[in-house]
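Structure 1 and structure 2 below are two forms of the same protein chain, each written out on its own as structure tokens.
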Structure 1
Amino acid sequence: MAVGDFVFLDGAYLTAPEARISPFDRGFLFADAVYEVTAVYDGKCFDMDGHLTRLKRSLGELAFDAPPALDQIAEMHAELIVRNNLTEGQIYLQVSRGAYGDRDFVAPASTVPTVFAFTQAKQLIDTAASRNGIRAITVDDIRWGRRDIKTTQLLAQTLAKQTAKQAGAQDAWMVEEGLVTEGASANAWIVTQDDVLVTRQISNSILSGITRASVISRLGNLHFEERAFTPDEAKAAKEAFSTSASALVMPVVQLDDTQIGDGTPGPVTRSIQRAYYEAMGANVQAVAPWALA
């Protein structure tokens, strides 16, 4: 991924070397911050309304004082796309509770958030992983109890990703009390032997994924259930995949040492990829003909 030349920090567009954030910022000292990652395709943000709605909810759940206006956040995303000539990739946005020249667990009653954003150019659709699928491993879910808030407390997810890499895998599916919660940075899905599409129901245990919601809205006549499933059920499934703004619809063809289905992305996964790419405005025949199979 290539970071764009221009970033946004507290109302100003700066080159990345010019951006300075206080070492007393509560995002740095306490991970007292929330974030969003929005996909950009053909120079436009996708599912932006969903990301803004979730941002507003996260800020509200953490009782941020004077949160940034959502319309200004949307305008800033559009401006960063133009300034960085971004065609395909993503925009990372982080809002912390700000800096106050001291370190105290209790924040001041009145706060001024730090708002920071930058772009990353990357190929989203036509990638080897999207075409062929990835391997994932299962790991214990050791996160805090409010995973529905998209905070920057990502140490558990970072450790999960590192464990996956050391195992020769590309992702990790986290498990709590014998049930899959979600991927390290994505929502987890399976297609059962009875052709039922399954993903975990929304609760404090998982993040309410924007790509997840967008996919659900486009399922058509597919039989769909929102419920938890076990790692063994996933390994016995016909198909598996994950959804996220950074990887879109990603086939999972192996979990731990078990091949899922025939070890290739299945027809349901392909149909969901195709529908999602088309919704983004992609010419699937041109950029992802393998999704038409």
Structure 2
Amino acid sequence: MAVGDFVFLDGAYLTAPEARISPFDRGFLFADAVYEVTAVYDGKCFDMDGHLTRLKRSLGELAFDAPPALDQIAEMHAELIVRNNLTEGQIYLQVSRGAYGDRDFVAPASTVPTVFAFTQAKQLIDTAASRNGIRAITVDDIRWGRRDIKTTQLLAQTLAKQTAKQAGAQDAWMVEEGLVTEGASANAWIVTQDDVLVTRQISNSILSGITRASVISRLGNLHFEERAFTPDEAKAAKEAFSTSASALVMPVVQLDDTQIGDGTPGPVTRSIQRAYYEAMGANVQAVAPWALA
């Protein structure tokens, strides 16, 4: 395959080396992007309407602010074909939520999408594979069952946090097959009515949180279990909190419409916050007197 000399980036036709995307682009940081690949034959896009319709749907599902106009996308494809003198091959188009020079799970509403496209010349029809066929193997479909790997594949979490924000909440706890997996960017914990501290066991279903492990190493004689729990069990719990390097030990006082406990951070959560802040070297009396109560 040969990439065409000219690419399209945010309204401009540039040579490939001229095209620069911010490292804060959400396509890079969160996989917060959609794409299309359209076949080109005889210098024309094939099935363009289908690709544009799916693109429109994908953009709508991600709810980008100010998504690109579809007729302009179609025009740009035609222009790239001409500029690169492409007869047979494909056009790759990616639209990300854009960059604003920072990293938050939910982007500011004013963020302008990044639109990038390039052409690839290649034989599509008369190839050895088309003539003779290919071999295939079967593999487990693990999309995306490998949450134990800390990848930047964060689109699902981004959407979860966006939904949370729209609902007036600050975080989302994700549920699979009736069980809480973890928070969108944190591990989830509850304190049951029997005063048992519970967090889900490590597996491919969750990220093995460093904060989680650090908290576990400081539990003292608290009664602790590693197992999955349902949203209902969490709602009926005495306390709930989440752990992450970005929010440390974060009390969760409401889940959906249900207040947890009395709706304020409970004593076990407070003791874990305290122990964690102290381990960090914080003067808790000075910086977090509320954690001593």
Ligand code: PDD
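Numbering for residues begins at 1 and runs along the sequence of structure 1. Since we're looking at a predicted model, the values are computed, not measured.
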Item to check | Between structure 1 and structure 2, the form predicted on its own | outcome: 1
Item to check | Selected hinge residue, from 143, 121, 21, 162, for two rigid parts turning between the two structures | outcome: 143
Next on the checklist: Give me the smaller rigid part's rotation between the two structures, in whole degrees, relative to the larger part.
Outcome noted: 178
